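Take a look at this single chain, the form predicted alone, given in structure tokens.
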């Protein structure tokens, strides 16, 4: 991923040389927005002409030559960005996302004019305050400036834009808090962009080997503990789920494990991410139309691995263990067949009714192994698991099923504050009854109805009494709700939700 420099300065914004200088103003009722004296004339003229009122993400662009104090403004362009009305009684999570969207709109404006250096004059917003304001702006700009160019031929002659090189935030108050917020925002955004990069890689460019290599590099860089279970290890341990899914593949499976432990004794959060690097459906072959998108079936694993990048950087007070069961799902001559029976790590047998219901099979082994090995205080798995969740929730909410109300509330709060909303679905004995098998302990599909929940019912057999939550991101891992900071394609969803969960764990999950 490209490197973008970011600095915080107390130097007056108008004295900084940049391609673009951005001021942010709040919308005022029936009057022009309050603003810096350097742009007051332009804003008031635009307001009088009904060209600009300060609505959220509304933009007013002009050039220093048209400003009365032109000799004092060094930037080549000036933009005024509307923030809308920041109401005191407004839900703070909505304010957070408004600020991210404004940051994303800044990045999109830079793309239009091919600006490589920008100065952002940070506004003073009493609630949420300077630290959170800076964090959300930084997140939005970095996320909005994302692009995947690894396989594109870039030509300077054609004027190809590769993104921002330098971002400067200016502020005169609470500089220390501002720097702290920006550091958190950048860490979260960069991790999410890493998850996007992994997902954008083609099936022949990101396999179980790349998952393992990336995790190993993170461990060396940040002092994490790295373990990789190979195929021979899985056979000894009886991990029949991941081995079955891998039967038709030429590339061996791997179970990647990263551990972060703080110096003081702490709770342990176990994160498990589905790492199907390409999903053909196996013998239950998927339709050819749109199958190229099945390279995204490892977005859960990408989210977990990218989260560990930020964990390694921030060194939180809670322990975090990440497990990514990784393989592709192919239809080779040895592929598992409908009707076959497998035995999972914890001894539970499963009748395979549909080989395209493979995600739950690899997650089952990872969950059972992770709980037995690490005895976590809670476990959260994340997966692009079912098309049914898209039917139920569209592309706006991730589905959640859980055996624990407190963990559910923490995750819902973490997702809400990250702009990654989550909706809880029921998980009761009626759904578990749908996956009962006549020839095995369970079967891997539960019929036409309630497919998202029956998939979760399958996983519930592998967590015992450990507080557990399952996130189905099939509708949000790509084609997520259109926002200025969300690109087309992989969204990187889950990373910032997990970081909120981890950062505020000791506060009960409240930001």
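If you're wondering where the values come from, they're calculated on a predicted model, not measured in any experiment. Numbering follows the first chain given and starts at 1.
Not on display, but discussed next: the form predicted in complex with a small molecule.
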- Item | 193, 221 and 311 each touching the small molecule in the predicted complex (heavy atom, 4.5 Å) | no
_residue 328, heavy atom within 4.5 angstroms of the small molecule in the predicted complex_ = no
Point to revise | in the predicted complex, residue 384 touching the small molecule (heavy atom, 4.5 Å) | key: yes
| query | Do residue 46 and the small molecule come within 4.5 Å of each other in the predicted complex, heavy atoms counted? | reply | no
Flag residue 445 as yes or no: does it have a non-hydrogen atom within 4.5 angstroms of any non-hydrogen atom of the small molecule in the predicted complex?
yes
In this chain shown alone, the residue from 259, 356, 351, 197 with a heavy atom within 4.5 Å of the small molecule in the predicted complex is 356
The one option of 286, 343, 231, 184 with any heavy atom within 4.5 Å of the small molecule in the predicted complex is 286
Counting only non-hydrogen atoms, the one stretch of 291-299, 171-179, 364-372, 99-107 within 4.5 angstroms of the small molecule in the predicted complex is 291-299
